[in-house]
Every structure is written in structure tokens, then in C-alpha cells.
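Provided below as C-alpha cells are two forms of one protein chain, presented individually as structure 1 and structure 2.
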Structure 1
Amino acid sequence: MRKIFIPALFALALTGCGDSAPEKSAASEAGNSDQAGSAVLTGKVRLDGSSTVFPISEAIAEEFGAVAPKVRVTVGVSGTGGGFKKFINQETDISDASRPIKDSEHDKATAAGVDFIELPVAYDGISVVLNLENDWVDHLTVEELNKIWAPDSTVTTWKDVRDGWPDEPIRLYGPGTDSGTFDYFTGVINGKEQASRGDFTASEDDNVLVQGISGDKYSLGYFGFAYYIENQDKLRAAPIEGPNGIVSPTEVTINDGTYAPLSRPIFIYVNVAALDKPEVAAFIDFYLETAPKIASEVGYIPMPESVYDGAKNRVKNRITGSAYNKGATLERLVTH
């Protein structure tokens, strides 16, 4: 899946794929105004969704407040699935998502009359994290992760995972079922999204997971790379043995795709109708301009400049729909 997102191909998908592409300028001149123009903007911009994308959106909202102080930007955390529900109900203007929109969500949006533009904002690598006192795990294989997290898993102790490891209970932490991180992890590790054992501590708030794992020697969990970087004084990330050998999550390995299969792009989705509001149009323009810088600052990996250029083109020309979802193929990305 990660290989589909090589920069040139993904940029092509962004500039050429969508449900419709009428020639229309982005909302209003306010979206491209200078700081003096932004300062007179008023109104409200509403975001909700992924806890993984939250650090980027929150940081950009704070930066935007400096240039448009009269615009109130709210950023909620309901998980990717929960965020899409609010987005489809038109309770929000923008939805943060740590996975592409599902076909079922796309269909519901269409039925509700919600046209959207999908915008990639950064790369993330799902980090499998351990307590600092865990001195026996040198790495984990994809097969071992499946053994631990499969719906029919019989793993109850660390010894069940690998001979020689402690005969102590393994206590698991992970995102809630509305999380895009949960969807992606279960999809690549267990072969089907939402397929997971249920006896683990789940939370849409990654800080809750950090607290639980950092206080439990025999714990294991997973969440986005930014939260690991922010808390690496409390946790350590397990190297993962996948198709490219044993690889730890780093900015380099996530960006070049060698941290596989747990590298992925993350997104925001904007309601096309909301772009008719100058404050939303201005915020989206600001988001795409500052995303490379902010992504690095909060622990994610910026995408190539060509991908951000493609995203700006989608906004400018109102290219709606998803350039990449579960059903996307190489042929579809090239020909659309």
C-alpha cells in the first residue's frame, strides 16, 4: 500500500483524479489575501476527527490565529470515523483523518449532499511502543504482531509471543474503534480493517495510551509517530521486521517507505461548500502553505513539495472526491 504513495504518482493522482473538476476559483480573494487582509477576517472554522492529525491541525490553528485573530478555529478529537460522521452531518467544515475516506463514508457524504476535497498533509508511521523497563523485546515481526492482535489470538503472556520472553501477562493498549489508526493497523497486520481482539485498553486520546503504557512494564501499544516522539523519554519504539528487514520508525524510514507496512499518509478533508466562507478558504490556504514546516515541528514527515502543489491545485479547481481510498489501484491513479 505504501508504495502507491511514491511522490510522483501521488502528485499525479492529486492533480488529475476526482469526482468532478469544474473550473472555479477557490472561494474568494480572502483565501489568498496577505496578512493585512487576513486580519479583518471574522467567523469560525470547525475541525474534528483523528487524534493523529490533531497535533498538526492544532498547531496550524494557533499559527493562523496570529494572522487572523478574529477567526475562531476549533479543533476536536473524535477519531477519524467519528470525525467523518460529524463532517457528513455538516457539523464541521474540515475533517482530520489518519486514513483515506471509506467507500461507505463517501456514499453517505454523497447522499447527504456533501462534496469534499481530500488533501494529504504529512506522512506518519504507526509506532509500536513499549515501557522503558521492557528489556527483552529487541524487535517484533509482522507475524508476531498478528499473533498478538488477531481476533482469535490466544496470546496472554509475553512467553506466548516468543520463547524465552517473560511468562508475564501482556497488557495491550490501542486506539478506539473510531480511529483511523485502528483501521490502518488492523488492515495491514490482521488483513482486515476493524479485525482485532477486543480485550485491550482503548482510547481515542493518545495521551491516555501514553500514560497507561509508561506506567505498565508488561504493556504494549501503538499510535502515531508524533506521540512517540513527544514521549520518547517515557516510552521506546519496537523495531519492526517487515518486507525491508528490521526497521525502526524514524523520519527517514517513514518518508522513504522502508518502515513497512506501518507507514502511511494522513489527510484533511474540506467541505466544498465551506470554501465559500472566506475564513475557511483562507484557513485551508494557510494550512497547505504551513503544513511542511508544522509537520516537522510536531513530529511528522512533510510530503514532497509536488504533493502540496497538487493539493493546492485540487482546492483551486475544486477537484472533489478521493484520490486514494481502499479501492484505488495503480491504473486508476494513473488514468484519472
Structure 2
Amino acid sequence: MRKIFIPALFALALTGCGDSAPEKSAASEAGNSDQAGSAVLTGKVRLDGSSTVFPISEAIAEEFGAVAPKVRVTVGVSGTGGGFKKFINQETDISDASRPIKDSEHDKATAAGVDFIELPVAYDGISVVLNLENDWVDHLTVEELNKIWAPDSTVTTWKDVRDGWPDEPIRLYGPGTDSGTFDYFTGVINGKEQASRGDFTASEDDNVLVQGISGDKYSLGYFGFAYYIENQDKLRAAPIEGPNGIVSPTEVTINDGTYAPLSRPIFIYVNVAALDKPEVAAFIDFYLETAPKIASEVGYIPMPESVYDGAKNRVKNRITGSAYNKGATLERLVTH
């Protein structure tokens, strides 16, 4: 498989991906006039950051290796916050982030002379998951989630959440406090990032959460959509009542934004100075071209076409800074 696949992509890249190419592969979709040049590019592209974004960046780095084999792309996993630290230190060219950059991080970047472009690459829908034997929860409201997860929560049994539910202790599972998922969930549900009750089983490894929840009838937990999709036979996702009514997380509801408020965009941030290097520029072009296809392959939801067009526009016109921040919408990002 590998031996046929990669030379084929390579050949497509070399020939500049003519219209006559019979099959549209990831590489040929990215085909533009730069492609023929990619094969001779050299140098390094350094990425680091969120473990949530890692599968997408890794997959794109892998595909990019087929069209630009001499460019050394590396992807690290330091978490969103850890990634930004390295990004501000100029140890990386691109930072993976599962939340928008914080004001404090933005200030530090400015102080260090790091200008960046913010690019949304996909959606993730944080899924609230239950044990398969849990037959009493038909849906959960945002208020109920807040009641469960608030820092001063008094909920100890399912009955405390809603009358009529079993008088059994509720056992909670969630991601660790360094995770962007934790930041986003607590921000949306509890109104303040990092504000959460502490007596839950926390793990940075989502597989541990899957194990815990699938083995415990009275459990409740939350993590990224990709892990829910892979484990649908072991868990079920609770429909969430938000501004658009009661909605379950699916590819459709996350993509069109009806799965609210737990849908979140995930980003890459690129250093503008690094973008002057042709290998970084080629990689970013390739990233934005292939992101829709790759994102769905690795369990994320592609954004609407217009958002990617907006992102390409930001790169082309070097529009720096963070647009998606403090409740701003993706539309704002597109029109910028």
C-alpha cells in the first residue's frame, strides 16, 4: 500500500497535478502552481501544542511528506498552553491549539515580537457521555451540567440532578486541568475557565475516561467527539439542550453549529516571520487545502468552505492577531 501510494502522490506533485489526473488524492486536491516546487523545498517546519489538534497536524504532515519529501516536519504534543510557550519563545513555527489564544499569551507574544496569524482548521464537539446501561437520561440541559460540574456543586446523586432519576451516587470523569477541552468545557458550562468541582476522576488520556465510563453504570464524563465516535459501542452521548433545542453531537449538528454550546473550533497559529520561509508557507497552504478531508478522516468535523476561504485570505493578506476570542464568531473571522 505504502510503496504504491507515496510515489503516486509524488508523481502527481511533480507533474503539477494536471486536470487529467484521474483520481483526486489529498495531494492533488492541494494542487496549485506551487506544487511542482514543493518537491525541491528543503528546511524545517516545527509544530507543537494541543493533543486534540495533533491527529490532524500529524496526518497533514504525513501527506505533506509525500509532496515535499525534503522538508522535515515535526509535530510535538505539549498541550495548548505548553505549545504557546514554545511558540512565543520562537522554538516553533506553528502552534496547535484547541482553544483561542488567551489575552495573557497574546500580550507575551507581542512583547516577544511574535506576530501570528490565527487559522481555524476544524470543529470538535465536546461530547457528554454516559454508560450504555444508563436508560434514564433522555437529555441534559446546560443548567443541569452546570449544577453537576460547578465548583461548589452539591450534586452527589443522579436524583440531585433531576427529580425522578435514580438515587444513586453519580461518578464523574473528565480531562485533566492542562487540557484545552477542560478549559473550554468549564468556560462554557461554569462561566469561568478552569472553574470546576475537583472530585472527579481526571485523566489526560481520554482512553482512561472511556474505560472508566464504560465500566460504571452511574458515571458521567466528557471528552472530544473523536473518542466518542470510536467508542460508540461502549458509550452513549447525552443530547444537550442548548440554544437550538435538544441536539445530539453528530457530524451534521457540529458542522452547522446547532450542537451548541459545546461545539468548538480548533486552531493553528502560525508565526508571520516563519511564513516568509517557503517551506512553512507551502505547508500552511497545504494544511488549509487538505484540512477538510483530513479532519473528517481522523474524527473531527470540517468547517464550512467559507471559513477555510477566510483563513486562506488571512494568510494571503497577512492578517495578524486573534479574531476568534471573547465570544466573537467565525463569521467575523471570515469577513476579516
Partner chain sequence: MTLANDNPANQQAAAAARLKRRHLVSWAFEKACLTLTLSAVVVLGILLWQVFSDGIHWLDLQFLQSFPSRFVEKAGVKSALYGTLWLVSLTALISLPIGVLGAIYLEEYAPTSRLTRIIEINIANLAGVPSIVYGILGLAIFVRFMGLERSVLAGAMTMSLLILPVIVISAKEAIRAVPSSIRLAAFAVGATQWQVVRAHVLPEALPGILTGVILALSRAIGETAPLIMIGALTYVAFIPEGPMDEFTALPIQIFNWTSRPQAEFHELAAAGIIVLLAVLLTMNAVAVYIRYRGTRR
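Along the sequence of structure 1, residues get numbers from 1 upward. Worth saying up front: this structure is predicted, and the values here are computed from it rather than measured.
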* Structure fact -> In this pair the form predicted together with its partner chain turns out to be structure 2
* **Hinge residue among 55, 292, 263, 277 (rigid parts rotating between structures 1 and 2)** => 263
* Estimated from C-alpha overlays, the smaller rigid part's rotation between structures 1 and 2 in whole degrees -> 18
